[in-house]
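One chain follows as structure tokens, the form predicted alone.
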Amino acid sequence: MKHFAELFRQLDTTTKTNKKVAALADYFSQAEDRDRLWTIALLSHRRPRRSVNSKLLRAWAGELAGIDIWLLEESYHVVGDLAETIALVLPPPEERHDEPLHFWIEKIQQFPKLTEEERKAEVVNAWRGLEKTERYLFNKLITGNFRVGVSQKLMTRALARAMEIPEDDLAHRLMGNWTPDETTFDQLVLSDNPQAQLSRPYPFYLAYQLEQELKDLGAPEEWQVEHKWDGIRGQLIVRGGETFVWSRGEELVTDKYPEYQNFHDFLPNGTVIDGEILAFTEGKPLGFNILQTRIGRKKVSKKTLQEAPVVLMAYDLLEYGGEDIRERPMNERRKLLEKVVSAATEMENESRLLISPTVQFTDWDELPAERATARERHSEGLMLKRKNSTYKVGRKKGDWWKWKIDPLTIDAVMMYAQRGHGRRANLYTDFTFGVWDGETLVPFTKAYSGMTDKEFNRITAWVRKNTVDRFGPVRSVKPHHVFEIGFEGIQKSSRHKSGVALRFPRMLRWREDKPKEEANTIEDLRAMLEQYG
């Protein structure tokens, strides 16, 4: 744990990418294999599940520190992170534990099998022998909330450097449904496991938002344009007579979409398709809110299948006849994709596999009008792809661009404020906004992104001077400030007092030029719901 804690300190004290990569590469070069394997897992979102609830951790920490729970709670509201709060209030270690990272993770994995008293004894014993940073990391692992300011891409780059393996090859090896309990560092990183390859997806190619004028992209005939469908990005894999479906978040979701489970009956082995899991019926896509009724469900009922049927809207073909064809030009991959989808369609009475239609155009000036139809088509805008482009790994600039539609907006009044977490724990960054219903403000959404650090500092000073009530960590403030809230979609919601829920709300502008009386109303929201919901 000492070695891992030192790595965390190095990562936490710099924002420079090169320094983070160097620290990780040095760690991967020296750490033992089990620690390396668990570090890869932690940095690719394969952390252990919560093994002790926060209420018990608070009680045990308060008892060991000799402080009342109310004082620990107040400290938590200031620090903004329970794991860090506990690490700070505990007394200095009485002894020294020098066990490696994997020792503590494997111990934590056994907690669910222990009684409450046995878990308490194990946790308190760990606290007594770990220093502050080690305690913090141990607490994070217990709560299942482990995060470090390092992306999976950055981790992969560092590991590739340390192991002298091409980064794209390594990114592919780290994909799929693996855990440190079921593999070894050698099997995962240093060797190509044929069994793991059976279900393993490819890293996704991601696009940046368009940064230049359309005319600056070059000749229109060099580009393929299609809609950016509003669903869940996924990969459909048929290998070994089996079907696997992966989400972009590397979650195996085959069981959640039974519509896809027999695709191996009409797609040849060695086929991998990149596309969009899309709610779809009667020849047209449905809104994302329809698809949401299926997200997170362990079991999908017959009623849900009928109300929210899905198709796979195919974008690209990554593997054909068992061959990785990502290096072939896109127009060649597109022809093969059309062939695969056409053959599959002939074998099905009602196809659940469609190909994303291309937009026919000869001049860039024709595309703005097509983009303007996106919302009514339940798409997020347009995708622009260079016809000779290869299928790359991760987010790259140059060959693929997304040209998203402008967000929906509404002006709202700040009603409540709450401190942030981590480095923003001393600032008010999480806000609740309301719109007018007559002379009363009705809360309708929360937002915490979109402001600069300077603006967060200003609004924090204002909140402290204009608090009218407190509810634990939440402060009710004097209605005064108006913000322009941007969002991607709106839908009915029985869980919200306003009757609506927004998709991806964020603060676009602090409208200091606008008095609170001129903010939007609940009727404005309902009109938007009727038009776009």
Partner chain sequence: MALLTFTDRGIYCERADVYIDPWKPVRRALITHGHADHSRWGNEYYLATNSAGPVMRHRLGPEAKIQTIAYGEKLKINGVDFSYHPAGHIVGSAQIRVEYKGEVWVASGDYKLEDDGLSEPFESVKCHHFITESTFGLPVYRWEPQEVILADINDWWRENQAEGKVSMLTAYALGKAQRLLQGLDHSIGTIYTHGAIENTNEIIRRQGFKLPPTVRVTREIDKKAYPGNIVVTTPGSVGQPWAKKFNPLSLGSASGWMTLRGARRRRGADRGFVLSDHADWPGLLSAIEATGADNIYVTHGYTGIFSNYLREQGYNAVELETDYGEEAEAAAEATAETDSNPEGTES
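Rigid core: the largest C-alpha set superposing within 1.5 Å between the two forms. Positions refer to the first chain, counted from 1. All values reported here derive from a predicted model rather than from experimental measurement.
Not pictured, yet referred to below: the form predicted in complex with its partner chain.
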{"item": "Residue stretch of 231-239, 279-287, 458-466, 177-185 approaching its partner chain in the predicted bound form, non-hydrogen atom distance within 4.5 Å", "value": "458-466"}
{"item": "All of Leu252, Tyr315 and His378 with a heavy atom within 4.5 Å of its partner chain in the predicted bound form", "value": "no"}
{"item": "Non-hydrogen atom contact Ile67 with its partner chain in the predicted bound form at 4.5 angstroms", "value": "yes"}
{"item": "Lys396, heavy atom within 4.5 angstroms of its partner chain in the predicted bound form", "value": "no"}
{"item": "Its partner chain contact at Ser75 in the predicted bound form, heavy atom, 4.5 Å", "value": "yes"}
{"item": "Glu122: touches its partner chain in the predicted bound form, heavy atom cutoff 4.5 angstroms", "value": "no"}
{"item": "Interface residue in the predicted bound form among Arg419, Lys392, Arg328, Arg248, criterion: non-hydrogen atom within 4.5 angstroms of its partner chain", "value": "Arg419"}
{"item": "Answer option from Arg334, Lys256, Lys107, Arg424, heavy atom within 4.5 Å of its partner chain in the predicted bound form", "value": "Arg424"}
{"item": "Residues of stretch 78-111 in contact with its partner chain in the predicted bound form (4.5 Å, non-hydrogen atom)", "value": "Val78, Val79, Glu84, Thr85, Leu88, Val89, Leu90"}
{"item": "C-alpha of Leu508 off by 2 Å or more between the shown form and the other one on rigid core", "value": "no"}
{"item": "C-alpha of Asn331 off by 2 Å or more between the shown form and the other one on rigid core", "value": "no"}
{"item": "Large Cα move at Ile277 between the shown form and the other one, threshold 2 Å, rigid core", "value": "no"}
